[in-house]
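This document starts with one chain, in the form predicted alone, laid out as structure tokens.
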Amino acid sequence: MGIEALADRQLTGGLAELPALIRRVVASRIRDANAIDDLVQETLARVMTAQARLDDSALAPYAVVVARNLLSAQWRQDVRFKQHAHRLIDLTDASRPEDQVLQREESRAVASALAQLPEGERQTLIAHEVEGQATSDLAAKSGSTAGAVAAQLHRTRAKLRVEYLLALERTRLPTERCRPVLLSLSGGERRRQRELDAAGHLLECPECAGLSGPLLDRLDGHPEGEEAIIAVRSDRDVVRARQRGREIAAQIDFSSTDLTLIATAISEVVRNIVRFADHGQLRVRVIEDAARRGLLIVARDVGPGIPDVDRALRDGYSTYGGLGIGLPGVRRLMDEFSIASELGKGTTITMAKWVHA
């Protein structure tokens, strides 16, 4: 079954409406039915890859941007093919001088991107990525927690990706709005995308539209499957989040008891998103320090917020009369737990569980 048929049959919401939209965009430029099908499916594949990092309102505009970029790329490829059709074989050397120039350009872009980071963030990133210092060691030096350091590293990497692309492409952003929009896309900050109307900006700004592809058309997480991002809207997402979190936790030698505790905690926080918020997102990621490995879980929602966080963390407090363990129970199940909530904007819960010898 093709990706377009899969979207038509299995997906709901904004994604289910995209195939027809993409087909209209593509069919307005080309007439070959097979080529249209290929481009529609390729566009859908890229949008589905980026879905977890995009606010729902940005899905359709991003799909239009991707389709237009693919059409332009195909047009350039067709032109090159016609220009070189007389060649039967390619006699160029694989190790060309141009390749060395490109490597130097990439190195300069990385250096330029690092220079744009605040001093503290740059030093933390280098200490972790280059020197191999564990998040727990960095947390001890800064008086923070391993989970907070991991979250900061995620934001720093998002900034680095944006600055690297700007330096590599030598792009000058036309407005002050551009960089915040690109940062929200790079970091998968769906609430921030909505606040900035990133969807409308992508359609209005050619520079950001061109950069959005490299920022979003990538797999988020580790190749070993040590990270997952799950969009949360309905009860079925509770099951999916619990299963995916348990799968990732099982990779790092948690006991069967701890796996059950982790799954229970994930179920509770995701069920709260479904019950009280418009929508949300769960991110599960493996973290480690010099002596141990663990799991970082971040649950974010776009909802009404919690009026009294201290009261919500007391045993026996419930706003719906359910039989769940509640936030106090979740806090007891995890090794680290923190909550931040803002009325009218939403709640973020960050928690961590470590593998204990």
Partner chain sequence: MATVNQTEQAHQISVSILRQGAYLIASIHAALDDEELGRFQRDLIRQITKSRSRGVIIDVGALDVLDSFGSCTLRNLALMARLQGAVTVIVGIQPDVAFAMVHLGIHLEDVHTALGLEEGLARLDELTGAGGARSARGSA
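Residue numbers count along the first chain shown, from 1. Only a predicted model underlies this, so the values are computations on that prediction, with no experimental measurement involved. Basically, rigid core = biggest C-alpha set you can superpose within 1.5 Å across the two forms.
From this point on, the text means the form predicted in complex with its partner chain, which you will not see here.
Here the marked residues 253, 293 and 349 all miss its partner chain in the model of the complex; none has a heavy atom within 4.5 angstroms. Think of it this way: in the model of the complex, its partner chain has a heavy atom of just one of 171, 264, 123, 175 within 4.5 Å, and the residue is 264. For the options 191, 161, 242, 128, the residue carrying a heavy atom within 4.5 angstroms of its partner chain in the model of the complex is 242. In the model of the complex, at least one heavy atom of residue 329 sits within 4.5 Å of a heavy atom of its partner chain. Shown alone here, residue 227 lies farther than 4.5 Å from its partner chain in the model of the complex, counting heavy atoms only. For residue 235, a non-hydrogen atom is located within 4.5 Å of its partner chain in the model of the complex, even though that partner is not displayed. The shortest heavy atom separation between residue 260 and its partner chain in the model of the complex is within 4.5 Å. Figure note: of the listed segments 269-277, 163-171, 134-142, 147-155, the one touching its partner chain in the model of the complex, with heavy atoms no more than 4.5 Å away, is 269-277. With the core held fixed between this form and the one not shown, residue 162 has its Cα displaced by under 2 Å. Once the rigid core is overlaid between this form and the one not shown, residue 236 counts among the residues whose Cα shifts by 2 Å or more. With the core held fixed, residue 271 shows a CA shift of 2 Å or greater between this form and the one not shown.
Whereas the displayed form keeps them at a certain spacing, the CA atoms of residue 233 and residue 148 lie at least 3 angstroms farther apart in the model of the complex.
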